[in-house]
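A single chain, nothing else alongside it, follows as structure tokens in the form predicted on its own.
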Amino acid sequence: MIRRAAEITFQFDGDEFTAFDGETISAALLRSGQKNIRSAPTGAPRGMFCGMGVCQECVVEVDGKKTEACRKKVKAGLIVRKATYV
């Protein structure tokens, strides 16, 4: 039997998403069907690629600071925004 952690909510670009406590931002967004995590300088949508914080394709803004969504764990009430460029 798989036991999941408690469900929590957070915001991404003004929309509310659910996540399991301890899950990364990128895992929660991908599980919810959100693939576009940031925009390139050309405006092209970008998303998760390597999943280990090397490529910086999943950089988002959390509390005004840029961070990799694949390395940052979700917390209840977290406000996440798309990063325009890296």
Partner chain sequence: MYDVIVIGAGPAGVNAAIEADNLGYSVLIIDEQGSAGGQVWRNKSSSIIDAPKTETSIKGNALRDALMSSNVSVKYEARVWHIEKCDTIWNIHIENDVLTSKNLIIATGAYERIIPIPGWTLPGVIGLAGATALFKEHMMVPGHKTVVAGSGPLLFYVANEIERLGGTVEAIVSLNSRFDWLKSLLIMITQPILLWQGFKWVTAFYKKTIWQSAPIKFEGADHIELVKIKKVDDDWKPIGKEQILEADSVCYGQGLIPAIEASRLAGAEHHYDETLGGWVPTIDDMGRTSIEGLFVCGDNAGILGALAAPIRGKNAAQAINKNGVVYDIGKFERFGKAMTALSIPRAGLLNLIDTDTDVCRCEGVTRKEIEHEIITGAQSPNAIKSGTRCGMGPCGGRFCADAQAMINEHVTGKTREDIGLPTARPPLRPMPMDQITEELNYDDLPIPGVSPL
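Residue numbers count along the first chain shown, from 1. On a predicted model such as this, the values are computed, not experimentally measured, just so you know.
What comes next is about the form predicted together with its partner chain, which does not appear here.
**Student:** Counting only non-hydrogen atoms and a 4.5 angstroms cut-off, does residue 75 reach its partner chain in the predicted complex?
**Tutor:** Looking in the predicted complex, residue contacts with its partner chain do not include residue 75, since no heavy atom lies within 4.5 Å.
**Student:** Contact with its partner chain in the predicted complex for residue 13, defined as at least one heavy atom pair within 4.5 Å: yes or no?
**Tutor:** Close contact is absent here: in the predicted complex, residue 13 is far from its partner chain, nothing within 4.5 Å, heavy atoms only.
**Student:** Even though the chain is shown alone, can you say which residues of 38-67 have a heavy atom within 4.5 Å of its partner chain in the predicted complex?
**Tutor:** Residues within 4.5 Å: 41, 42, 45, 46, 47, 48, 49, 50, 51, 52, 53, 54, 55, 56, 57, 65.
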